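A single chain comes next, written as structure tokens; it is the form predicted on its own.
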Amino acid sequence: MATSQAPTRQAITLKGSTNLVTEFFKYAANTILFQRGVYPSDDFHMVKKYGQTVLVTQDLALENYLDRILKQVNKWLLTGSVTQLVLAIISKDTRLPLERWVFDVNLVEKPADSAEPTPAKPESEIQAEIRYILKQIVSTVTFLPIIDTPTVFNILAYTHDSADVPADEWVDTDPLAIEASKSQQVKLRSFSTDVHRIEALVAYRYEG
């Protein structure tokens, strides 16, 4: 009697995981910039992503800047060179850092002593985890201090010493840290693929 075997779910590849993580950073950055009022709300339009509505910039200069940054981040993810990305929001007048949105990039460790291959993680599960993080970013407006001053932002990448860093686009810079005595932190949800795990938190200036 012939037997049939259920198809095995294909594990996500390094390239596939890299593209998923890069895309997440794009939508996370757009969500932060909108929710924190760094750019006018009129600069954004709604798109459907991850089974929900997200806001994406229509400002061509910002769009090009983010695309250029993420193109390099994609290369670093492929080579395992990047360990952390930070979106820092800074007061335009005083240059004081007000918030640091931190995304730690880790490689998923495979169990060394497991005889059975680890089951592949469904993409629907990955997208659900991303959806929760984006919803959390939106909900942070309920507890983050109101920003009532013009702001700008900067994206920082922490890489291994061996990383190939284009000197014409990336330079060593101030970490834009918030003094420990004036900093509060809130850990956000994480998400993982078969290759990468992204841990997120927001640190903000609290003068109370």
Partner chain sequence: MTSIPKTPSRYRSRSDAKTPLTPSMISAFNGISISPQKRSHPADLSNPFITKSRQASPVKRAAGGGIAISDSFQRQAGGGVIRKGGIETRLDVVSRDYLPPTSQPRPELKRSRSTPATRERTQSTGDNRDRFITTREVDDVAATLEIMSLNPKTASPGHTARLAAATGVPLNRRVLAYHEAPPASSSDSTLSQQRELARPLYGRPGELPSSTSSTTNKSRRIPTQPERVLDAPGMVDDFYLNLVSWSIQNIVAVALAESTYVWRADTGVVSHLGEAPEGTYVSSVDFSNDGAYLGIGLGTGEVELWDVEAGQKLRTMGGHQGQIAVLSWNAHILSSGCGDGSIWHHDVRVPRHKVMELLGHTGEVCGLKWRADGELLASGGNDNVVNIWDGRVGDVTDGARGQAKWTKRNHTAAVKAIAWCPWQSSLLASGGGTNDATIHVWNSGTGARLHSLKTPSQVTSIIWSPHKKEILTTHGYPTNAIMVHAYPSLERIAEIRDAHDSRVLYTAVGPAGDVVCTGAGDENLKFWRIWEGVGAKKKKEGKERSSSTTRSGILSIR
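Since this is a predicted model, take the numbers as computed values, not measurements. Positions refer to the first chain, counted from 1.
This protein has a second form, the form predicted together with its partner chain, left out of what is shown; the following refers to that one.
- In the predicted complex, its partner chain lies within 4.5 Å of some heavy atom of Thr83.
- Its partner chain is not drawn, but in the predicted complex it has no heavy atom within 4.5 Å of Thr142.
- Shown alone here, Ser183 lies within 4.5 Å of its partner chain in the predicted complex, counting heavy atoms only.
- Mapping the unseen interface onto this chain, Tyr50 falls outside it, with no heavy atom inside 4.5 Å of its partner chain in the predicted complex.
- For the candidate set Ile155, Ile32, Ile147, Val54, a heavy atom within 4.5 Å of its partner chain in the predicted complex is found for exactly one residue, namely Ile155.
- For the candidate spot formed by Val21, Phe25 and Ala120, no residue has a non-hydrogen atom within 4.5 angstroms of its partner chain in the predicted complex.
- Residues from 168-206 that approach its partner chain in the predicted complex with a non-hydrogen atom closer than or equal to 4.5 Å are Asp168, Glu169, Trp170, Val171, Asp172, Thr173, Pro175, Ala177, Ile178, Glu179, Ala180, Ser183, Gln185, Leu201, in the order they occur in the chain.
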